[in-house]
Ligand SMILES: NC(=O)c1ccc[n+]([C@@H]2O[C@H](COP(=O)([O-])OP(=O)(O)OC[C@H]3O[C@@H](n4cnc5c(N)ncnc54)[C@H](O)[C@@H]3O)[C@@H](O)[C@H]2O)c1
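For reference, the chain that follows is the form predicted alone, supplied as structure tokens.
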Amino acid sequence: MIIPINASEKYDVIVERGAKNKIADYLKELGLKGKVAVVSDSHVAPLYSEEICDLLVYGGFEPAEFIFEAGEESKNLTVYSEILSFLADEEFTRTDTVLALGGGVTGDMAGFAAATFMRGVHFVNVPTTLLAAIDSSVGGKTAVDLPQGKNLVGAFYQPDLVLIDPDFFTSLPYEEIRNGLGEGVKYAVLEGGRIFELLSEGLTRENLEEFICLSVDAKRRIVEADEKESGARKFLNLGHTLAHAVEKESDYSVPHGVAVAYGVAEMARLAYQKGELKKEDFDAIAALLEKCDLSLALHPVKDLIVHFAADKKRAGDKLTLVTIKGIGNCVLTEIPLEEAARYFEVE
């Protein structure tokens, strides 16, 4: 399936089993040629990088590999700088391409390098994790972390193409599938309807592509309405204020998707306690989390408040939260940062 994204730069998201085998053809259809920097991490590269490079060579491209140590801790200014130096050493020009082959960390960092090297080179995102496929690969957000918080240095930079091949996900360990489901829970609560139904039933090989396409299309609608996150795109941050705080508090030992699911669960609990969420919807969200093996007790909210000051969703002394009024019915709620503990009913 092809999902067109009509952002400031138009591009397609292709969801197709076996699509990686046609990667050179897809790049040539875009008019791309010359050098391709395949940026991948130490987990993904041994599985797929050689195959992708071979396919590119057979298609007339000149691939060069950049491999970094897997993990969120590598998403920093040092590794970003190393990618830029690699591109310079390999004599890349503005007509060449950076190709991200991996999960969200790879896509964010390779995309930021593509956005800033020579003020912008071609960028193709090939997500190999479920989380990256349904969320971070689409929408043009690129970034690296600072010690003070996640994604504090970055740029909006739309790719030339996003190529999602569900065959990649057959090699994912259970924990990585579970991690992707965490972002899926976010879409399920935001959208309701078929996405909520699919996750409640349980993902299978038969319905996986439908779930990916529905998730990508949900993000497409939001990105097209608000590319630079001045309004509607903030809804995609459901659960993220707490999630980023959990990641920071755990020194990133808790994966992003799992942390997002925890954030959604806490926002649902809070809404129910405040009388803003009906019991039937609260119970349905709880059952969904249980079905996805994401009914978790992580860091207490009282330990997380301190991290809110470094959240990107903060504007001045205000923090914008996505609050849950019902399944498929969320609203943006702005609170003063100094009142966060009181809002979350933390003693």
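Small disclaimer: the values here were computed from a predicted structure and weren't measured. Start at 1 and count along the sequence shown; that's the residue number.
Omitted from view is the form predicted together with the named molecule, to which the following refers.
For the chain shown alone, Val44 is a contact residue for the named molecule in the predicted bound form, at least one non-hydrogen atom being within 4.5 angstroms. Looking at Gln158, you'd find every heavy atom of it more than 4.5 angstroms from the named molecule in the predicted bound form. With a 4.5 Å cutoff on heavy atoms, Ala70 counts as touching the named molecule in the predicted bound form. Within 4.5 Å of any heavy atom of the named molecule in the predicted bound form lies no heavy atom of Ala115. Only one of Thr241, Ser215, Thr129, Thr97 lies close to the named molecule in the predicted bound form, with a heavy atom inside 4.5 Å, and it is Thr129. Exactly one listed residue, out of Ser171, Thr204, Thr78, Gln273, brings a non-hydrogen atom to within 4.5 Å of the named molecule in the predicted bound form: Ser171. The partner is not drawn, yet in the predicted bound form one stretch among 189 to 197, 129 to 137, 88 to 96, 207 to 215 has residues with heavy atoms inside 4.5 Å of the named molecule: 129 to 137. In the predicted bound form, Gly103, Gly104, Val105, Thr106, Asp108 are the residues of 79 to 110 with at least one heavy atom within 4.5 Å of the named molecule, listed from first to last.
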